[in-house]
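Consider the single chain below, provided in structure tokens and representing the form predicted on its own.
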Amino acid sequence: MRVVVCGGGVIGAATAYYLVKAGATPTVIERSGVACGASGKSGGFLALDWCDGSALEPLARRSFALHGQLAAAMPDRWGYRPVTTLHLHHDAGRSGASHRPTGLPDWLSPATIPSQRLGTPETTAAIDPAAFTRGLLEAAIAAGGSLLEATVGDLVRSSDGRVTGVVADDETIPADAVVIAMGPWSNLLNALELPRVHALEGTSLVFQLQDGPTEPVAFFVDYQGVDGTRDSPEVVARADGTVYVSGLSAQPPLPADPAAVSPVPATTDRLLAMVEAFAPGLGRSPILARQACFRPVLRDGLPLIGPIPGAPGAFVATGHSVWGMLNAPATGELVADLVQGHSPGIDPAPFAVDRRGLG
């Protein structure tokens, strides 16, 4: 079975990987570079049970298990490691403690104090998101898939309306099924009637620690500025000695080309000032990347996963918001089942394109 997967982010890569495992032959089409968007600029934070009690629970729990299995099958490819996750508090208007609490990295300020344990190494983990995305796609290609650098402009349909391929850079690519996994750019294909996929921008910094890898930790910081403003930076310490910090979401217009996404200097400066306050040792470290990305978000906060009404042979997988990296493996597995007509292990109904509340 020939399947065209539009989009070289983590959802497209995971879909290609599980299609190959199921015996299909996927071609991933990406115009701006594999993992060029949120898939390469996210925190790579994974959590077993943070989606419990919502429609995402079975997807997240299955994905967390698959992340462990994938890391064991392809070790040392993307820095997978279990982490301890803490909620920290920092009030920039107070001096705080003079001694740092035990068990915290020395690059944190003594005034940055733990308030709650959010996850243990059994329930939270971290990866390098770009390496994970590329690793899955490389494994899919090695097993018979392929990657095409091109821009998908239109769909090809048969006389009865079935989708039988795509047109990419004026070349027709035939397929038995097409999967749209282009994140917030999924609405660009006007031939498909999809619900509105909103684009939520996030800004992040990546630091290189001078002393190499740090403790396996992730932090969610309740930061209060001297002016009383509050922010919630996310901090993920990675196995390669880098530390990722994100925060300050916004919703500016989405550029037509993913390659045109760039951070706003004033926003990165503000994020850096926060880091210098709650983690001065980190703030003095070299900055490897100042970056921004757009995460795809649906009105009800749930992703779109499944067949597209009115376009037999076409499927969609997008709208994962902040949980794209976590939920990619189970999404890819679910899409592979749906494309091939297999009974899925996860009920896709909550993620259906025609569900209520998206009009």
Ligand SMILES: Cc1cc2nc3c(=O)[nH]c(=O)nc-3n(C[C@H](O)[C@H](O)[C@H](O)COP(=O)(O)OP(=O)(O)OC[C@H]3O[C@@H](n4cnc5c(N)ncnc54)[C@H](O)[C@@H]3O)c2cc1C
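For clarity, every value in this text was computed on a predicted model and none was experimentally measured. Position 1 is the first residue in the sequence shown; the rest follow in order.
Omitted from view is the form predicted in complex with the named molecule, to which the following refers.
At a distance of at most 4.5 angstroms from the named molecule in the model of the complex, none of the three residues P26, G145 and G332 contributes a non-hydrogen atom. With a 4.5 Å cutoff on heavy atoms, A181 counts as touching the named molecule in the model of the complex. Of the heavy atoms in G33, some are within 4.5 Å of the named molecule in the model of the complex.
Not displayed here, the named molecule is approached by C293 to within 4.5 Å at the level of heavy atoms in the model of the complex. In the model of the complex, no heavy atom of I305 sits within 4.5 Å of the named molecule. Checked against the named molecule in the model of the complex, the residues F278, W78, W185, F219 give one hit for a heavy atom within 4.5 Å, which is W185.
For the options P195, P105, G202, G283, the one in contact with the named molecule in the model of the complex, meaning a heavy atom within 4.5 Å, is G202. In sequence order, G9, V10, I11, G12 are the residues of 9-26 having a heavy atom within 4.5 Å of the named molecule in the model of the complex; the partner itself is omitted from this view.
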